[in-house]
Ligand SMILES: NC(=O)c1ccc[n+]([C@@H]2O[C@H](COP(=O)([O-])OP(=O)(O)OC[C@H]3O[C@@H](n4cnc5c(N)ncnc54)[C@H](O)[C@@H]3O)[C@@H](O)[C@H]2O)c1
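Heads up, the chain below is alone and in the form predicted on its own; it's given as structure tokens.
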């Protein structure tokens, strides 16, 4: 059977490094035959890796859409505010589309995407990768089994680590809601997608509060320069130091270690954090250790395509990621709580904050017959279920294989997308999944409205689904 042919629009971190590697691991299932990317270095690198001829390398999405339909599928991973037009153009030209989340930065554009998909009978899949993780699927299975009884309350937390907050939402592409989208949409449309899916019910009341508390110019310590590398007097003690985050990389590996369930990997990371010189010496004998000692993945590849020490230092001197976190043009919130009541009376809180010591999501589901507690982080995940009467305790390791992004969700998403494209058609299940993605975005926009206007908003799920 021939592989599904695909084009990539946007060869940045998510497109080139998270989704496209599936084609290299499974060449009989997926093959990229064209790419559109304005950055020449990224475009050439992707073309070389996937053996794409020069004539099928384009600078803009408009250029690739001027061609006759080149493939069955289009994977669109441009910046958030550049999703709508290429996705619409692709579906109207016959492509089935995999679109990075968020779908768009306005509810009107999200609705437009759904309308174009349904009118043209083209598949539209949104990269809500949490749905595709073993972790989320296991939580859903447990809840739907009834072992917890009637679900009374849910506390779900998106614990964004202090260094990730600084990287993506203070210095990075999602720092300014006017240039990208509100924080609750950019970071938590995943979470607003899985909560109704896991519970099997939808919210009918919603309120929200939050603000930007810390990463502001009025919180800047005295005499801090514009950049961390410009002789900052508190650089050696500041947790947000770009040198600490990108050159020393201690926070990254600490987060991984804290949620790692593999004893061997955890021991290696302990040794690396305590004595990096020792592990570096051992890496000469044991090449697998170079995954740590010579690490060149995210977030380093966001700074430079060639994350060598010299290139990273150059990026910190001249690029946005070397800026002091108190002297950036960011305005998205650094903490927000969304409170909801669902159709069956279940109360749910979603807490997003950017000051976590460790990067992870945590979930607590309380039922009339038991409780579930789950953690999913960079290093792995686990779920525990405890029954009230019997005191029975079930522990499930939900960690993906080492190196799998987003808890294994990236690769599983790609596997299911390829299977759906290969099957062809436009099933009711595909239509329903796209509308569920629309509903999650509606919840994010509604949460932002509730936060700004300081009010409780009534939701009619059937009305949203029928639009």
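Positions refer to the first chain, counted from 1. Computed from a prediction, not measured in an experiment: that's the story for all the values here.
Beyond the structure shown, there is the form predicted in complex with the ligand, which is absent from this document and is the topic of what follows.
Not one of 159, 196 and 357 is positioned with any heavy atom within 4.5 Å of the ligand in the model of the complex. With the partner omitted here, the residue from 190, 353, 214, 257 that has a non-hydrogen atom within 4.5 angstroms of the ligand in the model of the complex is 190.
Shown without its partner, this chain lists 421, 65, 437, 36 as candidates; in the model of the complex, only 36 has a non-hydrogen atom within 4.5 angstroms of the ligand.
For residue 330, no non-hydrogen atom is located within 4.5 Å of the ligand in the model of the complex, even though that partner is not displayed. In the model of the complex, residue 9 approaches the ligand with a heavy atom inside 4.5 Å.
At a distance threshold of 4.5 angstroms between non-hydrogen atoms, residue 46 is out of contact with the ligand in the model of the complex. By the criterion of a heavy atom within 4.5 Å, residue 50 is excluded from the residues contacting the ligand in the model of the complex. The partner is not drawn, yet in the model of the complex one stretch among 368 to 376, 242 to 250, 106 to 114, 171 to 179 has residues with heavy atoms inside 4.5 Å of the ligand: 171 to 179. Along 91 to 113, a non-hydrogen atom within 4.5 Å of the ligand in the model of the complex is carried by 100, 101, 102, in order along the sequence.
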